[in-house]
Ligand SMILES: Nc1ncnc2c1ncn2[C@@H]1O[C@H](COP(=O)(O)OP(=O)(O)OP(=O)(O)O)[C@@H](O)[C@H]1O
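Taking the form predicted on its own, here's one chain by itself in structure tokens.
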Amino acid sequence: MLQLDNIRKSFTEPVKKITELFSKQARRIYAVDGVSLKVGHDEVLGIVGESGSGKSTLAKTVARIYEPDEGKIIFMGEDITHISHKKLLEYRKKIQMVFQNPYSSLNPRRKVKDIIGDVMRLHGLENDYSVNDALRAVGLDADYGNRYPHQLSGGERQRVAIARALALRPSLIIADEITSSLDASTQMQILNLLRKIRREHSMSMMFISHDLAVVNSVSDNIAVMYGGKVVEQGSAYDIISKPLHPYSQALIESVPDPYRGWNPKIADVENRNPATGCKFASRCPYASNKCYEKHPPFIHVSQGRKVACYLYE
């Protein structure tokens, strides 16, 4: 369904000093640095990592909200990395993104029926699928169409955002931290809704979150990101039950457990991105000189399981 080949996306670092204002070359920070991933048909790929790891930038690059600096985006066999605006409109009908904050992604001056209906009219689908159909698909009654976003709860707003995405009958949905602003019970309702949508519509998903428990509950496979790079890939069961990369292990250990104390094995986040070598080296308890010299290549540990760490050479 989707293949990413060595995707890179950078941003210019903000000027902090007067002397930097007159420098000839501004420093660039790579939020996504050489990411290669695949999402199969009817597969949910979980992307997990702490804040600043590059998850959301990767999602927006795939959705072509950001233009990639390098690499290729192959969707359903077609290279869409630098397609024209006209073709991009057709592409966005097939790949829809649901954002973290539904209140900021929904127009507060438009009723729900208009928010969903506008995108259907834009893509010429108003005769194939109704707003009420989209609302029913996410568990909302037709009368929700006459409400404004401020009249809805957080969970209901997120359902409307999902309904807007479903209205276009996409082949791939990118869900970017869509449960992070919700309470635990509402989170479970949204996750159950995603499972229902997947069963009924047989669509693929990229599910992005910093919460391992949430990612594990809906994903078939997981990619762990740190410092703009993917450091480990594998099935959800393998990643959760036996993480290989020291960063993946640290993520598992960071999950609260009332029956044991918290004893972190990694350093704080200061100086976490060395200029060369492994991005995690300055925080890793197992780092050697080699880790600071060159970023480790992916090592295939087993079928579908790979890790970028010199510990597994």
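Counting begins at 1, following the sequence as shown. Computed from a predicted structure; not experimentally measured.
A second form of this protein, the form predicted together with this ligand, is not displayed here; the remarks below concern that form.
- Contact annotation: residue 65 falls outside 4.5 Å of this ligand in the predicted bound form, judged by heavy atom distances.
- Looking at residue 276, you'd find every heavy atom of it more than 4.5 angstroms from this ligand in the predicted bound form.
- Put simply, residue 52 is close to this ligand in the predicted bound form: some heavy atom of it is within 4.5 Å.
- This ligand in the predicted bound form is approached by residue 31, whose closest heavy atom lies within 4.5 angstroms of it.
- Interface residues of 158-190, taken as those with a heavy atom within 4.5 Å of this ligand in the predicted bound form (partner not displayed), are limited to 177.
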